[in-house]
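As structure tokens, one chain now follows by itself in the form predicted alone.
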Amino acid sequence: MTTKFFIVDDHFMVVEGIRSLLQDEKSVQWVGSARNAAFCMAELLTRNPDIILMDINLPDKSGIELCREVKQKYPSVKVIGLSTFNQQSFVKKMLESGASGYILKNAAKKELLKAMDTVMRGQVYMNEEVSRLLRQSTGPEVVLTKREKEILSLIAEGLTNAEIADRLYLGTTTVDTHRKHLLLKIGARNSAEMVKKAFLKNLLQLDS
């Protein structure tokens, strides 16, 4: 299935660069762009992208605010932060606002495709440089057991309780109990939120 993507960036060269880079790829389809937050929200009334590549520094509103607004109105749309900023605070704020990933504007074609594929599978995408930034923050406030870490890692990979049980030679009831404990410990309502919060708390390091 083709993934439809939309770009929000006020620099024509960035939009054109990404569009040109991906135009021959069968797995993705460009469906438009917007130069600011207001135009983005207007375009989303008629466009139906699966993913938005969203610049953080927009002329009328920050990408962080826009991301929050988009996720409130279109919760199924995945947002990937797109920026020249590689500061820890920007990464965290984008994720806290609902983004499913964060890449830098110097990303190569291979990384862009990998990022989009990752978030479409319900996972969080961070490249090595951004992951390193997050790991530089203060230590985790939550302490997990070795088994909980194993299960959290497999949940982040998108495995079901049954698949995790098979992988770790456990009963599905045991895995479900661990999952519930993890939700409580990390303070999340569902698995997707749990993975994102675990990443922010340095409880989880996803592969780049």
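Just so it is clear, the model here is predicted, and its values are computed rather than measured. So that the term is clear: the rigid core is the largest set of C-alpha atoms that superpose within 1.5 Å between two forms. So that there is no doubt, residue numbering starts at 1 and follows the sequence shown.
Below: the form predicted in complex with another copy of the chain, not depicted.
A heavy atom within 4.5 Å of another copy of the chain in the predicted bound form is found for exactly one of Arg47, Lys61, Lys149, Arg35: Arg35. Judged by heavy atoms within 4.5 Å of another copy of the chain in the predicted bound form, the contact stretch among the candidates 89 to 97, 120 to 128, 69 to 77, 106 to 114 is 106 to 114. For Glu65, no non-hydrogen atom is located within 4.5 Å of another copy of the chain in the predicted bound form, even though that partner is not displayed. Of the heavy atoms in Leu184, none are within 4.5 Å of another copy of the chain in the predicted bound form. Put simply, Glu43 is far from another copy of the chain in the predicted bound form: not one heavy atom of it is within 4.5 Å. Using a 4.5 angstroms threshold between heavy atoms, Ala156 counts as touching another copy of the chain in the predicted bound form. Taking another copy of the chain as positioned in the predicted bound form, the residues of 162 to 200 that bring a heavy atom within 4.5 Å of it are, in sequence order, Glu163, Arg189, Asn190, Ser191, Ala192, Glu193, Val195, Lys196, Phe199, Leu200.
In the core-superposed comparison between the shown form and the other one, Lys197 has its Cα shifted by at least 2 Å. After superposition on the rigid core, the Cα atom of Arg179 is displaced by 2 Å or more between the shown form and the other one.
If you fit the rigid core between the shown form and the other one, you'll see the Cα of Leu21 move by less than 2 angstroms. Here's the thing about Ala198 and Lys61: their CA atoms end up at least 3 Å closer in the predicted bound form than they are in this form. Note on Glu111 and Ile155: their C-alpha atoms are more widely spaced in the predicted bound form, a change of at least 3 Å from this conformation.
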